[in-house]
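In the block that follows, a single chain appears as structure tokens, in the form predicted on its own.
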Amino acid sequence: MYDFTTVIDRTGQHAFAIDGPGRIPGVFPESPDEGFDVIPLWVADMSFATCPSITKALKKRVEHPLFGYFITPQEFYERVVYWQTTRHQVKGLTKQAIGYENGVVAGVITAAQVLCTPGETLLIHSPHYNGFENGLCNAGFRLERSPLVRDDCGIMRMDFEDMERRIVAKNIHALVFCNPHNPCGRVWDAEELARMMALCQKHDVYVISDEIWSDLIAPGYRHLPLQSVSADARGRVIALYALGKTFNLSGMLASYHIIYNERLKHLMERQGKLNYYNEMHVLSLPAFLGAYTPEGAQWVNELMQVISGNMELAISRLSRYPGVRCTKPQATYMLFVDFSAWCADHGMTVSELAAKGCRVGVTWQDGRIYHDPDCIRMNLALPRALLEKALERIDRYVLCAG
């Protein structure tokens, strides 16, 4: 029903994905060599047009020529309740628990400021999203990393003994958690989440739960909101959601929190207003109203079928090379590929391999920025034709002999 095949030209639109490479060393991938265009496999936005119901809502709002201060209508809260209830089977959510956030990273920092003071240490799993490290460390916090561990099937698991040891040793009272996990794509099961929250209750650790990827779940899996694990979790978790990843609207900064604990909710709202920045954008509102609809849900369902097919294609092609280890993610559109054995066999570092790909326009990301030097992260939310083009270049120029 929806178009996920058209290759849309983003050149000249100031998009990170296309116009970013080569702009800032260490932040963006290298520019490709002459003769190669950029195939956007790096920054986590999609190469698909957003859901038509969102575009329609934005166009309708832009037709009105006044863009002054506005009141957030009751409809915004109703749409969030509708989405969380129908998509994630959340029960008992009301307007009082919902609050707008100017981006998930900003919300994570605000929550850290509510729960901790600068100089304190927060626990986070590793690998982890680099934006959290940059934002939290810039705000004066420290991070203690508990490594995720691959099981015999290549699935990343939490090491609960390691977590508890670090919590006690560093006197930690806040955990930054990805549910589902970014970048490894884990959908945590009920048993794992319950065990983690029991550990947090035991040591009085509050949780900042990034649930931005919660709508992008692979077929056969289901997202479990962390606040639904137990009564204690309901009052111990600050959960953050957004339109950005789900609907390719990261430029909107359209995000929100759900907080059932009234005291935490009050502190979060107060902290967010200290710099007078945390108000909804005039175009974020129609984006929400266009996204959280039955049409939006259908669009996401079709999107995940496309992404699942892209995952299967990429994994089948890359796995033909001895030493390349691919585990299909249970969520997200990012594939985290372990090239360490392949690189060891070919006398090359993973970083050198990543740079080799970028030189031919395969702009994937070196896993070092996520604290995993063995892996490269690939964005597979792009039309099939672009993915096949990227895989052909990987075959011909990157993983080829010599």
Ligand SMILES: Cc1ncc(COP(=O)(O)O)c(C=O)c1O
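In this text, residue numbers run from 1 along the sequence as written. Owing to the predicted nature of the structure, the values given are computational and were not obtained by experimental measurement.
Absent from the display: the form predicted together with the named molecule. The rest refers to it.
- With the partner omitted from this view, the residue of 217, 178, 200, 156 that lies near the named molecule in the predicted complex is 178 [heavy atom within 4.5 Å].
- 213 is the sole member of 188, 213, 100, 141 with a non-hydrogen atom lying within 4.5 angstroms of the named molecule in the predicted complex.
- In the predicted complex, the named molecule sits beyond 4.5 Å of every heavy atom of residue 292.
- Residue contact with the named molecule in the predicted complex: residue 44 places a heavy atom within 4.5 Å of it.
- Residue contact with the named molecule in the predicted complex: residue 245 places a heavy atom within 4.5 Å of it.
- Within this chain, residue 255 lines the site of the named molecule in the predicted complex, having a heavy atom no more than 4.5 Å away.
- Only one segment in the set 313-321, 205-213, 284-292, 161-169 has residues whose heavy atoms sit within 4.5 Å of the named molecule in the predicted complex; it is 205-213.
- Counting a residue when any of its non-hydrogen atoms is within 4.5 Å of the named molecule in the predicted complex, the hits in 101-124 run 103, 104, 105.
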